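Quick heads-up: it's one chain on its own, the form predicted alone, in C-alpha cells.
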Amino acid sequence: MTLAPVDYVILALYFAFVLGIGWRLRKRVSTSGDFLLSGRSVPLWITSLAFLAANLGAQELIGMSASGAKYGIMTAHFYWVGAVPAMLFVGVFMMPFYYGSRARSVPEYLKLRFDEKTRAFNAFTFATMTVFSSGISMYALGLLLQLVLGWSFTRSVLWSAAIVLAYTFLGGLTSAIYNEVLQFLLIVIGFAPLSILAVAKAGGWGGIQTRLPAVMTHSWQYMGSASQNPMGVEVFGMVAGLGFVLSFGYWCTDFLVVQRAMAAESMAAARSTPLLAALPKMLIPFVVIVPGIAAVALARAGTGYALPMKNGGPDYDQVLTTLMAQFYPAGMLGVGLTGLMASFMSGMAGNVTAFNTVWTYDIYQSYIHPGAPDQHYLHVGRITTIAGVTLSVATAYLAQHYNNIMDLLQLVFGFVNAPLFATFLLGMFWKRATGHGAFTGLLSGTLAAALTHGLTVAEQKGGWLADLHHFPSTMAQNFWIAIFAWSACFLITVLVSLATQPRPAGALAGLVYGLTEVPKDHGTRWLQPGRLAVIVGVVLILLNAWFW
C-alpha cells in the first residue's frame, strides 16, 4: 500500500483535530465528575452517536470484515440478533434504573442493589476486560500501520497509544464522546465507498451469490444444524448464545456503552440514546461485513485480488486493508485510512474512559483511599488513564495469536458479560435476589466459562484441562461458553438467594422493577422510547426476512 502526499495530509489533519478537541475541552474539567462522568450534560444526538461509536472500534471494523469473509452474511447476526434487540431492552427497561439510581458506574449500581463484594467482583473483572478490549483495538491499528507505513509492530502500537492518551488525558469522558461522534462520521465516509466499489467489482450482490456457496449469502436458511454453515452454530446456539446471553450481557451491563447514555442531560435522553443508536446500527453490516464477503467473491473471480495469508491459511484480519489498497486511489485512500484510525481511537478511548472511571470510583475510592478530596480523585483518574493505556499495550500482543480478533473478543465477553447479565436480570426484576446469591452466582458463572473453555477445543484453542468435545469453530465455542456461564450464574444465584435473607423492599426502591416508578415517555412524538422501539423492531424484522 503506497500513500500519496494528499493521504498524509488527511491523516495529519485528523490527528490535529482530535488533539484540538481534547485541548479545547480541557477547560471544562475541574472535578472528578467532569473528567470521569462528563457532568451528565451531553445532548441526546451526541450521546446516541457516541453510544454507537464506542462499540465501532477497530476490532469491529477489521473483525467484522474478517468474519464476513470467514462466515458470510451470517455475521450480520452480530447486529440484527446480537445487538439491536438488546439496545432496545436497555433503553426501554434498564436505563431508568441506571440513570435514576444516580450510580456513577455499573459496579456502583451492583453495590446499591446487592452489596460491596458483588460490586468489587464486577469492578475487577470489568477493568480486566476493558484492558483486553483496548489491547485488541491497539493490535488492529498496529497491523494497519505496519501495512501502510512499514513500521514495526511495536513502534506502531506505541505511537498510536500516545495519540489516544493525549486527548483522553486532557478532556476525559467529554473529549472521548465528542471525538467518537467525529470518528463515527469518518468511519461511514471512509468505508461506505469501499463496500460499494467491492460489491460492484464482484458483479453486484447477484454476482457474489453466483461465486459463493449459498450458505455465505443467507443469514438463517442454513442454521438447521451446526454442520450446515461455516460458523458451526445452530439456531439455538445463535439465539441463546449470541442473541440473548452475549448480546444482552454486553449492551445491558457493559459500562463502556452504558456510560455514554448515563452522560445524557436527562432521563428521557438517556433512555432514547440506545434506541436512536439502534437505527444506524442495523445498517453497519452493509459497511463492514459486506466488503469481507465481496473479497472472497473477488478472490474466486480472477480479478487480481487474492486473500492475504498467515501461517498457511487465510489471514482474515487483513481483508479490509488489502481491499483498500486494491480499490482506493490517492486521497480516498487517506480518507479510508483515517476512518480506520478513527475506529481505533473510538474503541480504545471508550475502553480507557470506562476503565479509569471504574478503577477510580469503584476500586480506588472504595478500597484503597476513601474519603479523599475530589481533586485527589481527579488526579487519580488522570494517572489511571495513563495506566490503562500502558496495560493495553501489553495485551495487544496477545491478540497476535488469533486470525480473527472477533473470536478473541467474544471469548472475553463470555467470561465477563455473560454471567453478569444473569445477575442484572435477577437483580432488576426479582426483588428476592440477595447479595450472597449474586456474588456466588458470578463466581460460579465465571468458573463455568473457564471449565467449558478448558474442556472443549475449537481451531486448536481451549482444551487446557481435557479434550471432551470439539466445536466446528471458535465462535461456536464462544457461544456455548456464554450459555453455560449465564446458566450457571442464574441457577446458583436463585438457589443461594432462596437460602439467604433478602433486603427489605424499602431499601430497593429505584433499584428493582415493581418498586421503581418508570418515567413516562417525554419528548416529541417520534422520539418517545416506546415508539422508537417499535419502529426499530419493525425494520429489524424486515432485514432478517430480506436475507433469510
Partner chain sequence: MDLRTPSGWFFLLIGLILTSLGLFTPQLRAPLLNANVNLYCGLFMVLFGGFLLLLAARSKRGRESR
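Residue numbers count along the first chain shown, from 1. Please read all numbers here as calculations on a predicted model, not as lab measurements.
Although not depicted, the form predicted together with the partner chain is the subject of the following passage.
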item: Option from 473-481, 119-127, 265-273, 301-309 whose residues, in the predicted bound form, bring a heavy atom within 4.5 Å of the partner chain; value: 301-309
item: Interface residue in the predicted bound form among Leu182, Leu451, Ile383, Leu398, criterion: non-hydrogen atom within 4.5 angstroms of the partner chain; value: Leu182
item: Heavy atom within 4.5 Å of the partner chain in the predicted bound form - residue from Ala372, Leu158, Leu447, Ala325; value: Ala325
item: Leu186, Gly331 and Val335 each touching the partner chain in the predicted bound form (heavy atom, 4.5 Å); value: yes
item: Any non-hydrogen atom of Arg531 within 4.5 angstroms of the partner chain in the predicted bound form; value: no
item: Leu197, heavy atom within 4.5 angstroms of the partner chain in the predicted bound form; value: yes
item: Residue contact check: Ile21 to the partner chain in the predicted bound form, 4.5 Å heavy atom; value: yes
item: 4.5 angstroms heavy atom contact with the partner chain in the predicted bound form for Trp45; value: yes
item: In the predicted bound form: members of 5-23 within 4.5 Å of the partner chain, any heavy atom; value: Val6, Val9, Ile10, Leu13, Tyr14, Phe17, Ile21
